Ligand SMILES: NC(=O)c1ccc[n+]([C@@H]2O[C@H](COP(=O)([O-])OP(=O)(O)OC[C@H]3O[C@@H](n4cnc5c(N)ncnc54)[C@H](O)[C@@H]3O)[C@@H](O)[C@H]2O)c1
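The chain below stands alone and is given as structure tokens, in the form predicted on its own.
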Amino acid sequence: MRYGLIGCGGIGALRAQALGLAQGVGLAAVCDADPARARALAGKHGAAVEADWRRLVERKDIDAVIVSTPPHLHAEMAIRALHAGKHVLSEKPLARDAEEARAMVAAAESSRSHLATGFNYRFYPSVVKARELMASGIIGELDHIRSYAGYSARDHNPEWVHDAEVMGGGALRDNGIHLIDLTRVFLGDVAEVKGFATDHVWGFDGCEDNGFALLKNDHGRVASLHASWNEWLGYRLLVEVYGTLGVIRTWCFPMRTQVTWSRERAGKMHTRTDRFLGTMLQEHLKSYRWLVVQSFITEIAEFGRAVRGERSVSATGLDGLRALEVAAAVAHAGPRRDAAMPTAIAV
């Protein structure tokens, strides 16, 4: 499969690196608002350069397009690529809001092309292990989930991450959108959402600092979720999946998965921890970007399976839409304010 890449910034460069390492794929052409940056990346990977992304999505030697631009550009670029018969992998969040995302999903359906959302956290070793444990039944039936992701907005680079006109909102669309997706991976489809958002720290117009959500699925199982931009202890992500016989806890940065379980209710508890020492060593030697590239390589392989109609664990466009619907239910984009959503939504 031959790819076109729109957006040659930091993440786009990692996407290009992953394409160079993945099996059975290649990078045919790139495009960026900065021509010099596009030329530099193209030269490194032997790709052509297109000055206009519209020409890139029309190229006959491209089967799929990766949209690695700021979110306010995702919908237009993805829809045009889909209608040009290209499969599309769009970075997260899928769009600024659910309305844009619905238009993207509709374009994929009408064009019969595949749309995927770049939720690469699904492919981190700790998350993969947690999913394996969940599928094994070791903790019994799902009871509830507790999840958290946070870092400091002082680390935002670039600054458009806290520009509501670009992102559509704050923490829930930034680090929180990965957390929403991971929570849905274990919870299943969300039937009801309630929540609050606060903005007492940074004051970015239209962008919440914190989003607190309660999610419920069709079977009455509940998840509590918190995404934050004022985590002062550094980046943290933890998902805890509680069952009738135990709990699975999975972290990233550093990677770790722990399961505590019993063979019967109220029985003797056992604990096992996977620390992924090889992954931690590579992160230490090569930075977290090494891990991101590895997750992109797996995501590209899973994307290819989805395109071929095979079973895949990559996130679809519908997954991206559902995550945005949850974020919107908790904190709508708009004037800076505390937003309570006491009413349920159907998603």
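Numbers for residues come from their place in the sequence shown, where the first is 1. This is a predicted model, so every value here is computed, not measured.
One more form of this protein, predicted together with this ligand, exists but is not displayed; see below.
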item	value
Partner-facing stretch of 311-319, 276-284, 57-65, 32-40, counted where any non-hydrogen atom is within 4.5 angstroms of this ligand in the predicted complex	32-40
4.5 Å heavy atom contact, P158 to this ligand in the predicted complex	yes
G26: touches this ligand in the predicted complex, heavy atom cutoff 4.5 angstroms	no
is_contact(E91, this ligand) in the predicted complex, heavy atom dist at most 4.5 Å	yes
Any non-hydrogen atom of A84 within 4.5 angstroms of this ligand in the predicted complex	no
Check all three, H162, F204 and N210, heavy atom within 4.5 Å of this ligand in the predicted complex	no
Residues in 276-301 close to this ligand in the predicted complex, defined by a heavy atom within 4.5 Å, in order	F296
